[in-house]
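Read the single chain below, which is given as structure tokens and is the form predicted on its own.
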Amino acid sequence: MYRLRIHHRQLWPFVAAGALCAAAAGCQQKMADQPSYKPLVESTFFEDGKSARDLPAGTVARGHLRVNNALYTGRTTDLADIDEQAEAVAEKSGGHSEKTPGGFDENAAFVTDFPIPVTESVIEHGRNRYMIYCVVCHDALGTGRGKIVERGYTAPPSYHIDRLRNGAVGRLFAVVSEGYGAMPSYGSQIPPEDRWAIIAYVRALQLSQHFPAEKLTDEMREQLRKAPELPTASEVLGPKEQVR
């Protein structure tokens, strides 16, 4: 019978590994149970009872310095100024609000020109984004009869009514960004530049249904002659829908 003999020098790697594991376990426990506040936990140290400190006034997150008001809001002025203008109009008009006839012009505070260059690639990108986010409600033609509307969701107005065709592009951008009526906000889902690309495509979509015949080139007339017959927005909507 043989006895296994291990020299003490052969044991030190195992002893060292055991000590490191013990130290790591202790360190891990201290890191997991550190004396820091959990989010939204009450604090007795601060007078307001909140552990989270309010950000200093004017704090801007990295990469979110938005000094171009037109690009990020679609407006020509701040919201506070718009509210003051609306209140002034309401006082002069005997209580009319900005949403009532004779009250505050809904397009007055919005930009009428695109704050980004509108190119063919921008419009094509806008079409792609439109087909992802918008078509389910507004349908491919923009008449407001998308698939979820067919299933009972509130129908949006057609893009081809005069009020939206003649409205400021900034207002369309603000509606996409902030929501309006039954339409939710897409500000957190679609970047600003993509929202503007969508508005550019909507403008192209509107123009496709109301393009002046006298401005058609010979090439466009030939393409139109060869194209299959498709219903127009007027034919799809009917006369009643056109005045919404």
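Because the structure is a prediction, the values reported are computed rather than measured. Residue numbers here begin at 1 and follow the sequence given.
Quick note: we don't show the form predicted in complex with a small molecule, though the next part is all about it.
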Contact with the small molecule in the model of the complex, heavy atom within 4.5 Å, among 56, 191, 49, 184 goes to 184
Even though the small molecule is not shown here, does residue 180 get within 4.5 Å of it in the model of the complex, heavy atoms only? yes
Using the partner position in the model of the complex, report whether residue 163 sits within 4.5 Å of the small molecule, counting heavy atoms only. yes
Residue 109, heavy atom within 4.5 angstroms of the small molecule in the model of the complex: no
Is there any non-hydrogen atom of residue 156 lying within 4.5 Å of the small molecule in the model of the complex? yes
Listed range touching the small molecule, judged in the model of the complex by heavy atoms within 4.5 Å, from 66-74, 198-206, 211-219, 34-42: 198-206
